[in-house]
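Below you'll find only one chain, the form predicted alone, shown as structure tokens.
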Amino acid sequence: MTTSSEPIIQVNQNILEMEYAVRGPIPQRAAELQREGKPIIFCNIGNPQALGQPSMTYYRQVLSLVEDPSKIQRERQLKQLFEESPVSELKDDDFISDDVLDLSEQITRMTKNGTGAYTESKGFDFIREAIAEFIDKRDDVEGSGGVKSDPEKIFLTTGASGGVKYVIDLLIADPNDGIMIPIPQYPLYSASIKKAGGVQVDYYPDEDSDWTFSRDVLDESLDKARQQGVMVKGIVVINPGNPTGAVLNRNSIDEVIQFAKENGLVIIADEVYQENIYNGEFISFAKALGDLKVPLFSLHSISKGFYGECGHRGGYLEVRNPPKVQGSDLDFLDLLLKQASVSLCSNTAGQLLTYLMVSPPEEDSHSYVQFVQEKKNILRDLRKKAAIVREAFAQMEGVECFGETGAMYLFPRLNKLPEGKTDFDYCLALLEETGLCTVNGSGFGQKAGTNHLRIAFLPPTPLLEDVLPRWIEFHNRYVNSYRTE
């Protein structure tokens, strides 16, 4: 019998055991140090605007006007007033452009009840239609003879993570049900599988071959799981990769599709970094799938790309070839809708930004030139910062980094650590000495006997140029001077 006066309650064991390294012990320690007054550079998470990346002018202007439509007419009146003033020195560029005002009025009409009301559970229909058009254009459906996207099979979600949870919660029907995930992986997947009460089934892309993988890797993982009594239901693929940043080639994508087809698996394609490719080419799973009848769940988000609107929590889930539900006349889409209905709808600001993500300014509009320039600047800066960090790795003893640069991360392998030290120890010591907050590779999973860390290459260039020499000095001293007693 307990003598404590504090109440005690039993909780969901799956949530108790769930882990999420990007917000784990090292970032928590970083927050403590920051409260104590130590300057911290948070590179533990892909949160671009928190590290100074500007928001896209076009997005924010439209969003602000749709949120407060009274400002549209006010802006028009002010512009007219100053144009008619003989002493005014203001120019067109000092006002919101007419195409933005026109679009904001159009969106306001299409929302019908504004942004403060619930939408239908799938999200605004005009946004889902725009997403379908975006997918078809991206995949050159007309030119390639591919399969068109269906707006009725698109769900607007609270970030891509909302869609992930919908799918995994439905797939895990039994404690022995499993989902294959790439190792290293983004902890959203391991956490979601754990919360749903299922089994995480690891497969290992080949790091030394730039994180590509062969059919043998997939077969080995599946066979091992089945021998352990696991019913594997699906496979997750992250392209470009998180945490590795690696970009999948067409051969690897085709291997996954054929593997899923032969083994009756669904594919969960996390494609939120499709704009973050600095070399190479993005190939969507929808395009590669064509008319093959393999269930595919594709995810995209406004949090990444060049837009970096993490806080607005917008995204979409597109479904192709939804499977039927055993013991029911329903299919997977019906149950996804049921899940979405429980939350009523995703937030409207995120839905509108998703619309703007898939509907950039028209090429002949006033906003187009500024939009394209801002986009180029952001992507150019990201590519430059990734190169700066990679160059620093070359000066660190025993550090290697594989794969094309994609997404917002680098995942270097730490080949030389003092005996008894782990990548967690390394990252914690790096934080304490330099203020640089990264995430240990073990937080994402990794092959036994290897050590890594993940760094988001998002800080402003001057900040990177300041901290990288200190990291190099720390690293070379750390790997050579620490000894266990």
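All residue numbers are counted from 1 along the displayed sequence. Computed from a predicted structure; not experimentally measured.
This next part talks about the form predicted in complex with a small molecule, which is not shown.
Legend entry - Option touching the small molecule, based on a heavy atom within 4.5 Å in the model of the complex, out of Ala225, Leu188, Val217, Ala286: Looking at Ala225, Leu188, Val217, Ala286 one by one, just Leu188 meets the 4.5 Å heavy-atom criterion.
Legend entry - Among the candidates Arg313, Lys375, Lys79, Lys194, the residue which, in the model of the complex, approaches the small molecule to within 4.5 Å (heavy atoms): Only one option qualifies, and that one is Arg313.
Inset, instruction - Choose from 274-282, 252-260, 385-393, 237-245 the stretch whose residues reach within 4.5 Å of the small molecule in the model of the complex, heavy atoms counted. - result: Selected stretch: 237-245.
Inset, instruction - Using the partner position in the model of the complex, report whether Ser161 sits within 4.5 Å of the small molecule, counting heavy atoms only. - result: Ser161: contacts the small molecule in the model of the complex.
Inset, instruction - Would you check, heavy atoms only and a 4.5 Å threshold, whether Lys233 touches the small molecule in the model of the complex? - result: Flag for Lys233 set to no.
Inset, instruction - Please run the contact check for Ser303 against the small molecule in the model of the complex: heavy atoms, 4.5 angstroms, yes or no? - result: Ser303: yes, in contact with the small molecule in the model of the complex.
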